[in-house]
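Alright, two takes on the same chain below, each alone as structure tokens: structure 1 and structure 2.
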Structure 1
């Protein structure tokens, strides 16, 4: 009985209860607030209980009258338990309390405080046990030299990390580039800085490396939002005027909302080079606002450039060697052309407006269409526009017709798809565009120019009648969208409207009765 009393008496020394209470309290707080770090919490508390068990062993040794061994074992495990307590307190203060009062110190601050607390605790316990580590270190030049030498790298990293933080040269969340590695800084620790790349790699840079060598912080500029300039290259033949290429590309890009492309500074297209390869080299320069999707955003812009150039009938230049390889003979071109015309006729047959045309008329029309692709987000027609009166037939994709209301909001009138046409209101009556049309997906269209429509109407005036029906219905829908009226209630005399529209078309195209 006496044996156990002795054991417990020694084990349950003055500090044990205090440490246990502290651990349980802090652990409970952290367990509640830091759900994502529970595994590490369990480890720390596990370590604490191991130390507690060690102290119990010390109690046993004491009861066995092994006083010296008991004292040393006890001290070692008390130090261990204290380390666990310090670690938990560090987490509670730096990850729960300070964030709660809107302070988020970098991780390195926590690390350094915790390390200092470890050292202080270690010294306090040694002194308590009768050893003054400070004076031993101070009097033993040899030990000091060895420790300093061993710590050289670590100290370099700690000081490097601190300096990086203090002079704000890099912060958590910054994108940096070191040699050919670029990624986002996710943590700055006491020894190293962690950088996550776009390829899901985590690169660990020793802080001293970042201190000693140059690195680039991407997209950062004083007093400006984070955005990073990128270049998208393309080539066009020297026979096309650069001013035309630049305006075609810029007009299309500036009109379109493209995800992660900054509005300010706006993207711009410039002629970068005219080398001896026979083509001019252009770059579209833009500022990327979210630095993660760099390649996907470049790709999106390439697609916008391609479609804008295609609509304008401008071909991208090929390298000379590929021109030789793909040089097509006339017969082959004829076959391709024939196939394309058949495809166009098939599409035109689906269009309500052209249902009365004969095979010959359809073929004639098919020959004169212009292939016009649009990238998702392109504004194909803009409400109020008085220029560019073309009629479009959709081959593929969805386009949304919408109107801007006087209160600044926009309202969708209708979504058009394959076989639908639009742009007829402006084209046939000479009025400004009644609505805007935006590509909801990538959209492929055929564009029909005004002179082609004019010829068609002269040859087949009945098309004007057909279209006036469609126009009346569309107008009614538009008015409903614009004024929130009940279409049927607000437009009682549809036949009168139809008559007026038909007269306008006839006047506009000088058609006889």
Structure 2
């Protein structure tokens, strides 16, 4: 009985229970909040209990009157238990408490404080054991000098990592470019900095390399949000005025919501060069808000540029080559053109406005249609616009008709698909657009301009009276959708409206009575 009393008395002090409860509490907190680090926590707590068992062994040695062995064993395992406790508290403070108050210091900061605590604990225990710290420090200084000389590169990397953290040159989450490698910083360690590229590669940069050589931090500017300027290049022939190219491209981009493209600063198009090969080189400059999808965003902008230029009848410039055209090529082009015209005639027959046209009139109209593609998100028509005197016929894709209400809200009127048309009031009467139309998908349209219809009406004025009936019906449908009213109740006098629209058409196209 006396043997076990001596063992327990040496092993279990008055503070042991409080220490055990504290360790279990800290471990429980970390185990709950840091699910991804449970294996490491189990190892740390396991090490703590091993140290407790070691102290129990020291108690057995003490009970056997092996005082020196008991003291050394006890001190070793006390130091080990203290290391485990310091590690647990370091994880609790830096990985639970500080993130809870919106502070996320890098892992290297935690390591520094924990190591300092380890050294302090070790020195306290040595002092408690009765060792002279002065002689130990003197010996340590000599050993440190030798080790420092032998580990110059490693120490350079460690000091470089500390310097990067202290002066905030680079932070976790920053995008950096070193030589021809760019990627996002995911961790700053003692010896190296880890950078993940867009190609799913992890590049390990020695910290000394980052300190000795220049590198770029992408998208970072003082007191500004993270955004990075990008350039999208394209070529247009010198026969097109630069002001027109710039206007067409900027109008299209600025009116469209494109993911990851900053509104401020706004994208802008500029003339960069004039080549002796016969074309001008332009660039659309924009600011990327998410640096990960750089190429996909460039591709989306190229598509918007291409469709905007096509709608305006502007061709992208290609390198000129001498090509010999044979008669077979000419015949093939004639067949393709004839097939395209037949397709256009078939499309026009589905448009109610042109149901009264003869075969000859339909063919003339089909020859003069303009192909107009729109990228997803483009505003095809804008409510209140008084300059758009043309009509669109959708041949592929879907578009949405909506109106902006006086209370600032938007109401969707209907969805348009293949074969639908819109813009007839602006084309035939010059009236402002009563609603806006936006491309829900990539949309392909045929566009009919005022001059084409004007020539048609002058050749056969009776068409004006025929289309006026259709316009009244279309307007009644739109008003019903907007006001949620019965069409008959909302428009009791359709004949009067037909007369007014017919007179408006005649005035707009200068048709005689």
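Note that the rigid core is defined as the largest set of C-alphas that superpose within 1.5 Å between two forms. In this text, all values refer to a predicted model and were calculated from it rather than measured experimentally. Positions refer to the first chain, counted from 1.
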Please identify the form predicted alone: structure 1 or structure 2? 2
Is residue 447 one of the residues whose Cα moves 2 Å or more between structures 1 and 2, with the core superposed? no
Is residue 115 one of the residues whose C-alpha moves 2 Å or more between structures 1 and 2 after the core fit? yes
When the two forms are laid on each other by their rigid core, does residue 201 show a Cα shift of 2 Å or more between structures 1 and 2? no
What's the distance in angstrom the Cα of residue 348 travels between structures 1 and 2, core superposed? 2.4
So if we fit the rigid core, how much does the CA of residue 68 shift between structures 1 and 2, in Å? 11.1
